[in-house]
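Just one chain follows, in the form predicted alone, and it is written as structure tokens.
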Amino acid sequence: MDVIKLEGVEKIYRTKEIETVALENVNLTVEEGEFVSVMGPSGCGKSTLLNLIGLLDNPTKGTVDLLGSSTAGMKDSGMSEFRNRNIGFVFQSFHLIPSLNVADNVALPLIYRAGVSAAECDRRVREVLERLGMSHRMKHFPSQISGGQCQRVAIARAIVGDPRIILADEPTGNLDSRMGAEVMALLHELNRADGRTIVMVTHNEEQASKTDRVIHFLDGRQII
């Protein structure tokens, strides 16, 4: 099953003075359970691609289908609900909220999901932090843990809602080689053991070579 399907996708940013083509005629499918890397120079459209797949932005032209459903015409509320239930995000800069402890950061996706009780939220948070080896840091704040631990927390937040798709934008970009290897091992485990579909933007050729497929972009175009 194709969980991600883009057809004829174009993204143009316009101001009064300039028109910037971020993506042009992108046709891409990602099957369920695939781990795909996206590579290319800075400014080639990689992050724009993730934003479109993650329903954080809309294409100027073309269609984005996720999990067999068309996203065309979805209202903001519908996109938010779909994103919350089906997509987990992992960012280079972690994007943890400094004023919240580890447990509360991880719980955020569940807090905004209807029908999840406080007890269920607490159970899921504890389970995912235990799995990622961070249960002993539940009450710590982001400033009190290492960069590698912050990324583990970010991954925990991404998967606590049991999404089928994980989008990772340079997930090891701010980590040293040892921490980066640990984070990649976690992502591969989530892919193999859980069958989660992962699309990862990276500049690291070694990491990309260990994924199922590498997609290259240049100047907004997919290179075949």
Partner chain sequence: MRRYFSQIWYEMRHQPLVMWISVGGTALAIFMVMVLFTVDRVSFVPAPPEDNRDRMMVGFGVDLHFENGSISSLLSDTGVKKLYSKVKGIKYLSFTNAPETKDVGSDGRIVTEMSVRGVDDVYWKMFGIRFQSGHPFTAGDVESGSRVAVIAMSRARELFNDDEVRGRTIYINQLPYRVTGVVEDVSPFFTFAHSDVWVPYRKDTPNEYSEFVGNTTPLMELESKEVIPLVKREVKARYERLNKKLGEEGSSLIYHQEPFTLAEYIGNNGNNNDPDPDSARMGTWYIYAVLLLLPAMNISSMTRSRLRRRVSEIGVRRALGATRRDILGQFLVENLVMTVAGTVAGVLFSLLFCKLYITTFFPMENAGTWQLIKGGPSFSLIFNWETLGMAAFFCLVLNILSTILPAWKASRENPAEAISGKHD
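Positions refer to the first chain, counted from 1. In this text, all values refer to a predicted model and were calculated from it rather than measured experimentally.
The form predicted in complex with its partner chain is left out here; the points below concern that form.
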The unique member of Glu189, Glu31, Asp162, Asp57 whose heavy atoms fall within 4.5 Å of its partner chain in the predicted complex
Asp57
Considering only heavy atoms, tell me if Arg157 and its partner chain come within 4.5 Å of each other in the predicted complex.
yes
Taking any heavy atom pair closer than or equal to 4.5 Å as contact, tell me whether Gly73 reaches its partner chain in the predicted complex.
no
Report whether the minimum heavy atom distance between Leu100 and its partner chain in the predicted complex is within 4.5 Å.
yes
Does its partner chain come within 4.5 Å of any heavy atom of Asn51 in the predicted complex?
yes
Residues within stretch 78-105 having a non-hydrogen atom within 4.5 Å of its partner chain in the predicted complex:
Ser80, Arg83, Asn84, Phe89, Phe91, His95, Ile97, Pro98, Ser99, Leu100, Asp104
